[in-house]
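For reference, the chain that follows is the form predicted alone, supplied as structure tokens.
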């Protein structure tokens, strides 16, 4: 039997556009630093979409990551607004890489409006739930719906990871940013779990900001942040905003961490307009490889490579076109790579050092989790119907159909606003998808699935139904939101 290799087995995905160039640069630097790696090249992205693979990821790529448990990936092209899924999202979902980590730290020699303010924080983004579950429907040709999925288990994992990162990097505070003032169940659940998890990390301060205020604060006073944790969509948007504070996506490293596998990538685009022209900036992917090495426990190698990057930027002698300002002549990707290799072993003169420890991944059961309520009581049912019938006409017609069922039509709403009965005189601009809310007649009434099925048949004689949601109370608390204008 062959001896097991002492080298780290890493799946390498060159990517599209400038991807192969920045990947080659990173490979050269890691080789010069004598990092013990064996690369296993696999493919995803544009070339795979062109082969008719809807996910944009080849089966052999999935198999390789499953075996190596670690991948370094160049930028991938993804169709926008039509057709296939994102290859990036596909990879995250295949391996439940639930934590997206985006360090945001001022870099020497990179001039921005925020230079000198000591920006140094980490955005921790939940990576597989929320709107990125990708559950969407056209309820009518003119009305689209997306389901925002936030779970207690997913929220706990990412919140614990945020606190573990704070511990590993010696940080003092974790801030949770949500839209819990409006989305009280989804974003509210995330906020509540964050507050519960914070109790297990008493040495680390914690606070909460409404996410739009967080965006405002990030522009006004970004140096206040240490670690930020958010749901998927919020984190996606604010992590890109954060990268702009330090120079843009060309300097933004990213790690996608999971229990089974982790994927490290540059988050910038594939920039096909400069592909093959020796103009690409490999900084983001190189810094992502530093995150990868720390994840693998190669702390000294990671420090050496990060220092070579910092020294190269600090000196400012050899910089790619997107970095070379002030009349300086830009250098190419290959020249920048040679400069990085030359500076291995050096340390920056003025850049403050941060001590890193390997992040301890949260230990959470992989068993299916069922959160139980002590009391569950059916309260009614919401039925979405595809119709442009005036609510003042539809309401009375439906009320006549209910008959002996233990329900009453409580109201009709359109886009979250009560439009029948319109006793408040609310002005609305309705679309052709309405929600009929039925509630049980009396507190003690029993509502069965047979009752709901019969109700659907009767409602369908007036308008075709497209979506159904049962309404419950859990432990005396309503498990559904009220519409604008609802009592």
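Numbering follows the first chain given and starts at 1. Keep in mind the model is a prediction, meaning the values are calculated, not measured.
Unshown form predicted in complex with a small molecule; subsequent notes refer to it.
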Exercise. Based on heavy atom distances of at most 4.5 Å to the small molecule in the model of the complex, which listed stretch, 378-386, 258-266, 337-345, 94-102, is the contact stretch?
Worked result: 258-266
Exercise. Would residue 214 count as touching the small molecule in the model of the complex under a 4.5 Å heavy atom rule?
Worked result: no
Problem set entry | Contact flag, residue 278 vs the small molecule in the model of the complex, heavy atom cut 4.5 Å | no
For this session: Flag residue 125 as yes or no: does it have a non-hydrogen atom within 4.5 angstroms of any non-hydrogen atom of the small molecule in the model of the complex?
Result: no
Problem set entry | is_contact(residue 78, the small molecule) in the model of the complex, heavy atom dist at most 4.5 Å | yes
Problem set entry | One residue of 272, 134, 396, 352 in contact with the small molecule, assessed in the model of the complex (non-hydrogen atom, 4.5 angstroms) | 272
Exercise. Among 232, 88, 308, 413, which has at least one heavy atom within 4.5 Å of the small molecule in the model of the complex?
Worked result: 88
For this session: Would you confirm whether the three residues 18, 73 and 322 all fall within 4.5 Å of the small molecule in the model of the complex, going by non-hydrogen atoms?
Result: yes
